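In the form predicted on its own, a lone chain appears below as structure tokens.
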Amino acid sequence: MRVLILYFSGTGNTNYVARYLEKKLACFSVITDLISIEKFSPKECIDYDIMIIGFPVYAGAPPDFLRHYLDKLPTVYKKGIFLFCTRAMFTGQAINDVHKKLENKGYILLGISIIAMPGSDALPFMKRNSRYVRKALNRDYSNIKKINKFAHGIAFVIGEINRGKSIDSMRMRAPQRIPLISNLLQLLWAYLYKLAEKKIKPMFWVDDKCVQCKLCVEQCPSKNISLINNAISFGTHCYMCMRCINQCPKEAIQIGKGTVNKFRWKGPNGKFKPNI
């Protein structure tokens, strides 16, 4: 049985969890291919029997980059999927939205996991010695109990399917929609987030530390960054994944004045490098 862990990670949280999950599954003799959606054609997903899809949550929703990718997935007949997401505050309808898209294409949900991680959209605005930064750096990421349990569940389901059970018989009940009051809070949060996005997107710039290495140009998932006339230029279709500001080796990318000399996040182990 071919199993694929397919993920999108802006600043390293989901990448870390995906790699952690890969190692845990190996302990149960479940061998997987681990691939970023930035390097993998949607059509190639058809070659796998089981898919595990991971993504970060932005304002209670999946990233636009992931939405566009899922729209391009081929329609299948009863193929099993597991979903996991990383979030800082509010999961909202993110899992439900992704599940619904995949269900409409013939995928059967077999399990989900939601993992709390540091908010990488806020960290670049934090002072390096702030309490929030210290908490993010000092947290123990070596034993993520939710993923341990998730890996065990995946191994169990795969074992049952290998023993002859149908994927349909292992179907997980669809995630419950969040209560009305939570839904209203999400709508409010999404509205405020959109207002913040509208204000923040035009505020990206580079200071004089920029050496024009073009790393940001190469790593931007929305292809929003260009080198024009020996200067870095930001377009208008930013996904707000915050990868560029956190990955810049010279910390030259700024958002207004609020990120100058502030913290930069490169995933839980400080080693995240986007696999593009």
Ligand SMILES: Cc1cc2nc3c(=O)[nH]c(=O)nc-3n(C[C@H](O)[C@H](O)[C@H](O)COP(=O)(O)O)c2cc1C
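None of these values were measured; they are calculated from a predicted model. Residue numbers here begin at 1 and follow the sequence given.
A second form of this protein, the form predicted in complex with the ligand, is not displayed here; the remarks below concern that form.
Legend entry - in the model of the complex, residue 58 touching the ligand (heavy atom, 4.5 Å): So residue 58 counts as contacting the ligand.
Inset, instruction - Give a yes or no for residue 117: in the model of the complex, does one of its heavy atoms lie within 4.5 Å of a heavy atom belonging to the ligand? - result: Although the ligand is absent here, residue 117 would touch it in the model of the complex, with heavy atoms inside 4.5 Å.
Inset, instruction - Please check if residue 97 has a heavy atom lying within 4.5 Å of any heavy atom of the ligand in the model of the complex. - result: No, residue 97 stays farther than 4.5 Å from the ligand in the model of the complex.
Legend entry - residue 240, heavy atom within 4.5 angstroms of the ligand in the model of the complex: It does: once the ligand is placed as it appears in the model of the complex, residue 240 has a heavy atom within 4.5 Å of it.
Inset, instruction - Scan 88, 136, 102, 126 and let me know which has any heavy atom within 4.5 Å of the ligand in the model of the complex. - result: So the residue touching the ligand in the model of the complex, by this definition, is 88.
Legend entry - Among 141-149, 158-166, 79-87, 102-110, the region lying within 4.5 Å of the ligand in the model of the complex by heavy atom distance: Flagged stretch: 79-87.
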